[in-house]
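Take a look at this single chain, the form predicted alone, given in structure tokens.
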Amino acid sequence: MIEGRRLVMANFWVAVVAFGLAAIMAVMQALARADAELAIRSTKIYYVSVTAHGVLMALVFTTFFIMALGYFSLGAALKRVDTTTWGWISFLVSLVGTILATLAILSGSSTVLYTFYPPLKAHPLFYVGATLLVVGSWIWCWVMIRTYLVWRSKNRDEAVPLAVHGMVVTVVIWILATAGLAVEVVGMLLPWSFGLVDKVDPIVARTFFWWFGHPLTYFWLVPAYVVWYTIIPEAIGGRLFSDRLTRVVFILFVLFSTPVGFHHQFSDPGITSGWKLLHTVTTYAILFPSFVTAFSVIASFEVAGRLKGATGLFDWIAVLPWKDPFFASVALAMVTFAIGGFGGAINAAYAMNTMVKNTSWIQGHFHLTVGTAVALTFMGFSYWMLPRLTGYPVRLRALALAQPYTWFVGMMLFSITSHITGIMGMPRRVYSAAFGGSEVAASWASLTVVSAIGGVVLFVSSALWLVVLIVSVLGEKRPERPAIEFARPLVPVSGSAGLWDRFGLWTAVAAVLILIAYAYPIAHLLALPRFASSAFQPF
């Protein structure tokens, strides 16, 4: 039994519940956008569901799952999780925050969408809840750091296990990213929502949001990469392509994940083109570790295929365990992420961004990235983790195997059509794609039906995952739990701590890069004449 098992499962089940609620909201939106007749369909319910889906899926599901993965990784690799009391405090604070924010959204008083851009104004409980969720995650960060430091004090010259390396990097990215969010929420939105100030500056708030908003992507992705690098190669009988290269990849995410936010603000006034160009360059720089990851993980897959007897150029693909739901989830997640990655490069380009910004292209893009690369990896990992952590074997194997394939099919139908309709000019976050019967909207009507079918298939896949998990834990435990084994590198490593294990150094370099990227632009914004806005609540 690994240390912190109960903490892993507590965080895991909150993530599962959030995912289930978000999935219900998602299918409602997909059908509404295709103008399907629903008994409860209305503009208010639609935008409440958009807010709830975004917050529950993108913030709550991911944060709790990543906290579970962190406890799992350190507990299994280091055989310890220090200060578990603080781990439980983290869980309770995050849970209370989640409940408050969810109630505020479902009450209809906080329809501010996932980005909660001002002047859209939410009920104070929404901001208080979101703050508590982040504070709870910071306490989790402290537990992770404390556990690592205690281990390091007793193992000064050893290289930290690779899974722990990835999770420490995740913690660093989260702390650097949420610094911007804290300024926005605590310094601007909370006083505004409590009525202590009358107006808020939307551009300054957006700048601090995107300080946080894009690095958030890597807070999701790096833990998925931890699974891709340190779990899946061993699970399929292969080897990790390179231990050292993986550490370089993780550190590059620390350096380049944060100074990228202005590529979300190409159209915003008050930020000069030179600073937008700098953030474009760093955005393209952050593509590099993802390209290396694609190469390394596919190489690990090829090694597994060749160890199973493949000798041809591509026959190693056929001998991979496609009937294993864990492998199928990760492999299909990688395929969709490759498509989403190319879309991301387009989003970061100044001219192309202008064309696709605020169209359905964007929702298609992030459903391929976080909605599949991350979510499908996490779902697949749960099939592998559950028996090893609890002793409950995965039951309903046929449904478990069908789940990643249905997710892939549903996401292709949903996301590819969203990309196409986005190029055709269809806005995102619209209640009815018919636009009151306009001729332009008629050109994309059939595609919104295909997109809605994809949404229904995704909902079926979500239900399969939940049913498999619930039926599995209602069955009997096995006395012998499968072993937890991390991937062994193709070439053995020395085991000594090196340059890429110096987290303090790389965090300091990342902080300097953030200072360079944001200090002058924010000072410039604050020096401009203020055009603050009063609050706006659509419902």
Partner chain sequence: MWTATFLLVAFVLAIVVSATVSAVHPPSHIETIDPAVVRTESEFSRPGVIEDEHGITVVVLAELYRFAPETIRVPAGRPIRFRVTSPDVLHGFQIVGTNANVVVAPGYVSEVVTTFPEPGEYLIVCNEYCGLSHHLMQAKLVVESTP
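Note that the coordinates shown come from a computational prediction; the quantities given were computed from them, not determined experimentally. Numbering follows the first chain given and starts at 1.
The protein also exists as the form predicted together with the partner chain; that form is not presented, and the subsequent description refers to it.
Interface membership of residue 123, defined by any non-hydrogen atom within 4.5 Å of the partner chain in the model of the complex, is ruled out.
Although the partner is absent here, residue 77 sits far enough away that none of its heavy atoms falls within 4.5 Å of the partner chain in the model of the complex.
Using a 4.5 angstroms threshold between heavy atoms, residue 302 stays clear of the partner chain in the model of the complex. The shortest heavy atom separation between residue 82 and the partner chain in the model of the complex exceeds 4.5 Å.
When contacts are defined as a non-hydrogen atom within 4.5 Å, all of 269, 435 and 528 contact the partner chain in the model of the complex.
With the partner left out here, the partner chain still marks one of 150 to 158, 133 to 141, 198 to 206, 384 to 392 in the model of the complex; by a 4.5 Å heavy atom cut-off that stretch is 198 to 206. Residue 292 is the only one of 319, 292, 89, 235 with a heavy atom lying within 4.5 Å of the partner chain in the model of the complex. Scanning 310, 113, 412, 188 against the partner chain in the model of the complex with a 4.5 Å heavy atom cut-off leaves one residue, 113.
Using a 4.5 Å cut-off on any heavy atom, the residues of 507 to 539 that reach the partner chain in the model of the complex are, in sequence order, 524, 525, 528, 529, 530, 531, 532, 533, 536, 538, 539.
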